[in-house]
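A single chain comes next, written as structure tokens; it is the form predicted on its own.
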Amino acid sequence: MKTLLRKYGVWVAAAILFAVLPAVFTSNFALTLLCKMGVLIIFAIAYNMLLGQGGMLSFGHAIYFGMAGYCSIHLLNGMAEGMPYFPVSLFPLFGALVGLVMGIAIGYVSTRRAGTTFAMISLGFGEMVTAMTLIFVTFFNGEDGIQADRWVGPEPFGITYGPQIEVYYLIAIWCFLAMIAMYAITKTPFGRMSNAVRDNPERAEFVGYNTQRVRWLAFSLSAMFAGAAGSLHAINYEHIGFESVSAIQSGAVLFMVFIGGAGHFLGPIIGTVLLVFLDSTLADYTEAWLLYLGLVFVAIIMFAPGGLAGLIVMHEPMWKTDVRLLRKLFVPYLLALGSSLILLIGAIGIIEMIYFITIIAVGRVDMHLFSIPIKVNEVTPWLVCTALIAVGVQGCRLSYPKVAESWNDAMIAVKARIAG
């Protein structure tokens, strides 16, 4: 029992989490947010199969997501007009087939090159498909996109997919199954060979593997799961438009994977949850939310290239060796976090005031900063924010070396205990 729990406990916990989330977050906004997260988790993990596992940076992976969505919408409309019925519950399989076929065709060409050349080819295909959505109006309907009604026929157990809660559980079930399938792929010999081609393609080719075929298969599987996500996206919104195949969608999933941690299976999940939440909530508080997302992305790339999941995994040797070592890091981490937070508050204050007087309300002086009414034409708020930045910078200069010192001491202790 303990062995089974250790082996499958995470998946059991994930299934329970998917089941109880709607009972915890009961508002319509929260349910909509959870549906969006579920769809994009599939898409992000699929993209991580390409980037994190296979080392292929794609700027056009949204075309498999979006094209599966378009085909799913057309299938919904066709069934409403008398086509043979295909269960809506199985639409992700249809979307996966669309993504797989496109992935095989485009991947055969794209994966003949690697590195920067592959990235440019993917960008070219992405721009081409985006242009097609605006040119071939009969199929794509231009900028307006296509709408459909997901309630088109009898589903098992009296399901109609009218209520959003039913759509949530459809997305949750397929998200859970896709996560299991993609995780299982990483543990196969193919998954390990994909890593080998990513890390050292010359050596993999020397021992007899066709690196282009490995990249092609990884590309096709990634496109297949992206297509499943695109089909769920179409069902969720009952609409698909050109933005779903555009560079914006490809860039968004790239952000999610990088911020969460490319190469770590948990990374895309963390990145998706964080970015979807920020995307849906920051816009209500600030007009400069895209700037903050960009700054977060730059900070992650510069200071934590392994992403948020990488930061978590760094501590694995400590909690496996002696959890007390983590406690010794608590105070240095707290001081560094406090200093960073002070610096961040001051910087946000300056950004918001500049944004207010130059873009939002030119000529006005009254605004709210952190729910505090201020006048931007007075010197006091500017001085306060500048002082916060100065204090935060000095705090970071003092606390960060302490973090590094404590970290090194903890790792020395880990090595000593392993050696002893």
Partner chain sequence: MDILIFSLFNGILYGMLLFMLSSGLTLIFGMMGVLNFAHASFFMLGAYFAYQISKFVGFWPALIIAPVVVGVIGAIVERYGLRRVHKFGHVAELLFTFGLAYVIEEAVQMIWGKVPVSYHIPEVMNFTLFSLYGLEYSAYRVFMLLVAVSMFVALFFLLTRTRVGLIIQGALTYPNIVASLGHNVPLVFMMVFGLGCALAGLAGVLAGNILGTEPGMAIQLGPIVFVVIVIGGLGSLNGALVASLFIGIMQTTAVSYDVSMNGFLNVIGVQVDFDSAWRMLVDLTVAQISPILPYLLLTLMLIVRPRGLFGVRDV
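This structure is a prediction, so every number in the text was calculated from the model and none was measured. Between two forms, the rigid core is the largest collection of C-alphas that superpose within 1.5 Å. Residue numbers count along the first chain shown, from 1.
Below: the form predicted together with its partner chain, not depicted.
> In the predicted complex, does residue 303 have a heavy atom within 4.5 Å of its partner chain?
Taking the distances in the predicted complex, the answer for residue 303 is yes, it comes within 4.5 Å of its partner chain.
> So in the predicted complex, is its partner chain close enough to residue 389 to count as touching (4.5 Å, heavy atoms)?
No, no contact at 4.5 Å.
> With the partner left out of view, is residue 175 within 4.5 angstroms of its partner chain in the predicted complex by any non-hydrogen atom?
No, residue 175 is distant from the partner.
> In the predicted complex, is there a heavy atom of its partner chain that lies within 4.5 Å of any heavy atom of residue 294, even though the partner is absent here?
Yes.
> Determine which one of 265-273, 316-324, 203-211, 137-145 lies within 4.5 Å of its partner chain in the predicted complex, judging by heavy atom distances; exactly one does.
Among the listed stretches, the partner-contacting one is 137-145.
> Counting non-hydrogen atoms within 4.5 angstroms of its partner chain in the predicted complex, say which of 125, 169, 183, 86 makes the cut.
Answer to the contact question: 125.
> Please pick, from 120, 344, 159, 329, the one residue with any non-hydrogen atom lying within 4.5 angstroms of its partner chain in the predicted complex.
Selected option: 120.
> Is its partner chain close enough to 216, 402 and 406 in the predicted complex that each of the three has a heavy atom within 4.5 Å of it?
So, no: the whole triplet misses its partner chain.
> Can you list, in sequence order, the residues from 334-357 that come within 4.5 Å of its partner chain in the predicted complex, counting heavy atoms only?
The stretch 334-357, when checked against its partner chain in the predicted complex, contributes 351, 354, 355 at the 4.5 Å heavy-atom cut-off.
> Look at residue 18 and decide if its Cα position differs by 2 Å or more between the shown form and the other one after superposing on the rigid core.
It does not reach a 2 Å shift.
> Any CA movement of 2 Å or more for residue 59 between the shown form and the other one, core superposed?
After core superposition, the C-alpha of residue 59 moves less than 2 Å between the shown form and the other one.
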